[in-house]
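As a starting point, one isolated chain is supplied in structure tokens, in the form predicted on its own.
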Amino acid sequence: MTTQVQQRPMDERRAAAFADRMVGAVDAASLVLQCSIGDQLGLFDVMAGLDGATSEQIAQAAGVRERYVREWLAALTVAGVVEHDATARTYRLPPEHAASLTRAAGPDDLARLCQCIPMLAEAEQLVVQAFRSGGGVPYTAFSRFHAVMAEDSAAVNDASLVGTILPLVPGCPDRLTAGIEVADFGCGSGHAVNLMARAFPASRFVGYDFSPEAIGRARAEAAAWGLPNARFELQDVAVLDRVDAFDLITAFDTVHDQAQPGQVLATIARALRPDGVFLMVDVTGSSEVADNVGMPLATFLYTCSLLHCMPVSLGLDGVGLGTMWGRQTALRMLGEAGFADVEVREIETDPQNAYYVCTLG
């Protein structure tokens, strides 16, 4: 016998408010795509240097086609991002908006963050298929992943790595100045390694990553900067066989991406010397979904997890930890790997990440 479930009467005002919210979401998503385009083409940077200009002038300064610029400007005008003088037919990017949309903003450049959305969307249909059939998404499905991630992390590291992040580890700058062995697990395009190698020439640095494209970028930058103390190796860090080899190991926003993150953390613990330090940078937040309600960019971070971090791990027969594994899970896994003392720090220029300073004790 089937039991009828009594349906609660629909709140018409609540339904209308949610419909309005979804209309706004679609409009906002469209603005994100426009900002991504503007960032990639340098259009915001051009406009920041012009106190009002026509679409022809902006296009000429950016080296792109005017008809496309005109349509782009129309979208940003109705979105309230640029100001339009209909009589003079000019467009102006207010300095208050430029502070969040130009490369000069450094870590505060939110237009750069907008590039993540179209990058993630490249794999949307593969993720839809994985919902139905299981499995994951190959790393190669994201054609622009390394370029987008490298630009994003470089903004934070250029502003904060040497002067703010490394000093989170007690005595670290002095030890680096004197000369120690350093490894970066999941180095990506290697910019963080190269920054450290340039700042501390007496120390020796190695970056590990399993992407040939990323390692190629890292080696090219090291060569261009003339860094004899930085090298990069193509390596799955989960099976790296090094024991008591490093005084400092770093992992910048990479542990949650690993197919076997617990195994990677255990490998790091083995590779670290007894008095060494592991500096793990990873997404902040709670392991409990309810705790993340209202957290800035929480929906974006879960979207990154669903469309990249989790399916890429599952595609490698991994555990699919996901971007939002959270502080509680991170602390538990670090303890299981052998880290007896873990201190969690934060920095103002990178509010989306937590900084774990870990020692073996």
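A residue's number is simply how far along the shown sequence it sits, counting from 1. Since the structure is predicted, the reported quantities are computational estimates derived from the model, not experimental observations.
As for the form predicted together with a small molecule, it is not shown, yet the points below apply to it.
When the small molecule is considered in the predicted complex, only one residue from F246, Y139, F200, W72 comes within 4.5 Å through any heavy atom, namely Y139.
In terms of contact with the small molecule in the predicted complex, the residue from S160, T267, T284, S211 that brings a heavy atom within 4.5 Å is S211. Taking the partner from elsewhere, every residue among M149, G188 and Q258 has a non-hydrogen atom within 4.5 angstroms of the small molecule in the predicted complex. Using a 4.5 angstroms threshold between heavy atoms, D236 counts as touching the small molecule in the predicted complex. Of the heavy atoms in T90, none are within 4.5 Å of the small molecule in the predicted complex.
Within this chain, D253 lines the site of the small molecule in the predicted complex, having a heavy atom no more than 4.5 Å away. Although the partner is absent here, N229 lies well away from the small molecule in the predicted complex, with no heavy atom inside 4.5 Å. Stretch 140-148 is the answer when you ask which of 166-174, 109-117, 90-98, 140-148 has residues with heavy atoms within 4.5 Å of the small molecule in the predicted complex.
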